[in-house]
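Only one chain is given next, in structure tokens, and it is the form predicted alone.
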Amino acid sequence: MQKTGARREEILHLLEELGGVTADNVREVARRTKVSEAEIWGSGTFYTLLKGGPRVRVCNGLSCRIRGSDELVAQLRAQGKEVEEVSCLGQCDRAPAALDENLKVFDKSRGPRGVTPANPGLAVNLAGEPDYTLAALDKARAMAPADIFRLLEESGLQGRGGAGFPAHIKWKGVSTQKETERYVVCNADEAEPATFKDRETMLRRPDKIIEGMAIAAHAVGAGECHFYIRGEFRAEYEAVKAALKRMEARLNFVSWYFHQGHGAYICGEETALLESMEGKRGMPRLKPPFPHEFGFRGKPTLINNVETLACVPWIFHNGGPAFKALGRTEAGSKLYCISGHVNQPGVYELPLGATLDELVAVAGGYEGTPKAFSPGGASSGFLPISKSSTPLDFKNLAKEGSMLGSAGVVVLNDTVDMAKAAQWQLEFFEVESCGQCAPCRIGSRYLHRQTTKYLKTGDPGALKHAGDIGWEMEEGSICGLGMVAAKPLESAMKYWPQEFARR
């Protein structure tokens, strides 16, 4: 039986199959789906991967900028290539990162990329051998949902996508709804600059993600599991599909579906992701209602990040207290991404609450004289290197006015101008704002342009109103993007005021 609204859900996938948004393609999609051409144009033009036409995409995120992405763009254009500069490609350990016309990775990295050696005592254990036995699922299916929620609560598992919300509360919230049509969604739209842990988890341990989703579906009473995987992650998409094929005979108590993103950072926000799954522009919904009440197709929906789900099987094998004990200041082990001025960028699994100095030690040490770091992606702003002994966790970074976010750490050495670094981050937020709410749409543009003006004129008066604009964005934006978009500038001005004086 076809689901209500299913034809609308096909819009974005059909546009991609046909080669992007063109008049002919829009007309054909309208013919197939019976959705108006105006609606199809509105949805399709929101996404960068639906622009159509072959071109090379080069990342201009922070890690890539300090590794020469501007020079790479110039070289490619000199070769006659059509180049599109994009906000992030999830390849920060390969900086400067680029994808060719077929969305395959140009590997321009300057050295080996790192990952923690295999260790079954780690919850995700990226370097370990995949396990397709589904033994953790067997344990879960022998348990009542209430016992599963209790186990998750004992583990202290928090969402690993950025918000750090307790997993057991989300799961229980879906299970208590009167509506029995329910969904589980894996948010694999990893697009926060400096973050690539989910990419590696999909490539190396898709077995854990799938098993975690299956356990979640059993616990909350969901009949369908949906992957939403970033559009640029083609190899990762294939890796997850191949792993599912190996296990599908044991997973037929639930139906499985795949959705590929189409190039919009904002779709990492869970309600924007749902809008995209339904074939619409990826704009965040007003909350409440929350997804556990009104999610995909208006039904109760559990949305968890890749890493969150990948932790679940280990908890069932080893117990909640054992997972909690893996952490130092908060529960569990944590996948930390690190890039920038370090000798071996990569993904390292450490106790939650490890420090920057500990993380850099396993990443081969600092390159040059360290000056600053961004602890959790663009959204976390900057901290001075004097804070390198601060635990990288949710609570301690919040005390410093920053955040763990997606644990995408970037180290900057003393060759970097912090005013310029702030400008790069602000450019990201201006480009990736969905434009739905005025505080974010106008504020992100204003902050980026005024910082650019300051860099051109050297007059600090250009930033006179930056603090007021940042406050308005934090208080008035619909979603987290607008609420944190001023952090890079605010933190840079706070810790390096001399770089924002007249010059």
Partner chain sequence: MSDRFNITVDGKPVAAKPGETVLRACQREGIHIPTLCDDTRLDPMGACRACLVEVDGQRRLQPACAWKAAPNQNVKTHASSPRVQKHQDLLVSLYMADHKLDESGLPIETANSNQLRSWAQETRPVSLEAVEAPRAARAGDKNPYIQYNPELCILCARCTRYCDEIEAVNAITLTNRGSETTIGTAGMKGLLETTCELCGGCIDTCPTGALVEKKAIEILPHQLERKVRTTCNYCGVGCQMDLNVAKVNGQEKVVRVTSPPPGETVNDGNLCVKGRFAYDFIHHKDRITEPMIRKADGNLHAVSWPEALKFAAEGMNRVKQRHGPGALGFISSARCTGEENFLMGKVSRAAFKTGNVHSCAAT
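The structure presented is a predicted model; accordingly, all values stated were derived computationally and were not measured. Residue numbers count along the first chain shown, from 1.
Below, we refer to the form predicted together with the partner chain, which is not included among the displayed structures.
Student: So, residue 442 and the partner chain: in the model of the complex, are they within 4.5 Å at any heavy atom pair?
Tutor: Yes, residue 442 sits close enough to the partner chain in the model of the complex that at least one of its heavy atoms falls within 4.5 Å.
Student: Would you check, heavy atoms only and a 4.5 Å threshold, whether residue 286 touches the partner chain in the model of the complex?
Tutor: Residue-level check for residue 286: yes, a contact with the partner chain.
Student: Hey, in the model of the complex, is residue 305 touching the partner chain, heavy atoms inside 4.5 Å?
Tutor: Heavy-atom contact with the partner chain at 4.5 Å: absent for residue 305.
Student: Can any non-hydrogen atom of residue 322 be found within 4.5 angstroms of the partner chain in the model of the complex?
Tutor: Answer no; every heavy atom of residue 322 is more than 4.5 Å from the partner chain in the model of the complex.
Student: Ok, 50, 56, 66, 437: which has a heavy atom sitting within 4.5 Å of the partner chain in the model of the complex?
Tutor: Answer to the contact question: 437.
Student: Only one of these stretches, 412-420, 221-229, 287-295, 181-189, has heavy atoms within 4.5 Å of the partner chain in the model of the complex; which one is it?
Tutor: Contact criterion met by 287-295 only.
Student: Spell it out for me: taking the partner chain in the model of the complex, does every residue among 60, 498 and 503 have a heavy atom no farther than 4.5 Å from it?
Tutor: No: no residue has a heavy atom within 4.5 Å of the partner.
Student: Which residues from 452-472 come close to the partner chain in the model of the complex, meaning a heavy atom within 4.5 Å?
Tutor: Result: 453, 465, 468, 469, 471, 472.
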